[in-house]
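Only one chain is included here, represented as C-alpha cells and corresponding to the form predicted alone.
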C-alpha cells in the first residue's frame, strides 16, 4: 500500500509542476505584462522600469525558476489590483468555494448514485428512462440559465431562499443546486453502466444460484464493485465544480475563488489569475490522489497495477 501511495504521490507532484509551468507560460503568451500593468499612455521608460522591477526582462526559464522557488516558500506574488499577497487572497476566498463545491457534490451524489444504480438494476424500465432523461437535461441545460431560473422561481416567485451572497447555509443552496445538476449526468451514466456490468458478472450469477436474497446480492456484492468507477468520477466532478464555480459565484455574488478569478481577469491581475488556476489544479490533483486511495481500499486488486 505504501509503495502504491508513494507512486501516486510522485505522479501528483510531477503533474503539479507541469501545470505550474504551462500556466506560467500561457500567461506570458497572453501579452506583455509590463504594458498591461502600466496602462495605456504610459511612457516606454516606465514600462521598462516595471520589466526590471518584476524581473520580466530575464529569460523565460529564469523567470519561472525564480517564481517556483518563491512559490515553494509560500510567496506566489502580489496582486496588481488589490496590492495584497496573492496567497492571502486565495486563503481568504477558498473556504467559500470549498463549501459551495462540497454542498453541490453531496447533492449530486445523493441523487445521482441511487438513480443511476436503480436504472442499471432495471434497464429499459421507467426508472431507467427517468434517469437517462435527467442525465440528458443535465448535459443540455446551460448552468447560467438554470441559475437564473432558480433565482426566478425559488428566490423571487416563492421567496424561500436568498438570491445572492454567501453569508449563511441558505445562501449556498441555490448555487449548489445549479452546480449539482451540472455534475449529475456523468455520475448517473457511470453508476448505471457499472451496475449493468456488475449484475451480468459471473459472481452475481453464482450468488443467485446459491439462493441469496436480491437485496443481499445488490447491497453486499454489486454495490461495492459499482462504486469503484463512481469514486473516480465523483472526484473529477468535484474538481469541475471548483473550476466551474466562476459563473455561479458571479451570478449569486458569492465571494469565492471563482468570483476572485473573474475580478482578476477584468483587472488584468495576472498573478491572481495564475494562482487561482493553480489552486483549482491542485484541488484536481489532490482529489484524484484521494480517489485512487479510496478505490484501492474498496478494491485491493488496484494496488497490483
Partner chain sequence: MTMPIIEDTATARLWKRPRLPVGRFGLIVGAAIIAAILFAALLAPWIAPHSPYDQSLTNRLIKPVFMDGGSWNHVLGTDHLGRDYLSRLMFGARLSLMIGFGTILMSALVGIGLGLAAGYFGGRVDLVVMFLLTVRLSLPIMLVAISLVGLLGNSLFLMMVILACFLWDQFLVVTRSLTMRFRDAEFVQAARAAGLSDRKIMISEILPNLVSPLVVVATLEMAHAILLEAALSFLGLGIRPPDSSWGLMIAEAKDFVFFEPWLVNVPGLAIFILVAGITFLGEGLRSLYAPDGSR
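Numbering follows the first chain given and starts at 1. Bear in mind the structure is a predicted one, so any value in this text is a computation, not a measurement.
The same protein also has a form predicted together with the partner chain, omitted here; what follows describes it.
Contact with the partner chain in the predicted complex, defined as a heavy atom within 4.5 Å, holds for exactly one of 207, 176, 71, 186, namely 186. In the predicted complex, none of the heavy atoms of residue 63 sits within 4.5 Å of a heavy atom of the partner chain. Heavy atoms of residue 294 never reach within 4.5 Å of the partner chain in the predicted complex, leaving it off the interface. In the predicted complex, at least one heavy atom of residue 284 sits within 4.5 Å of a heavy atom of the partner chain. In the predicted complex, residue 247 approaches the partner chain with a heavy atom inside 4.5 Å. Residues of 72-100 are not found to place any heavy atom within 4.5 Å of the partner chain in the predicted complex.
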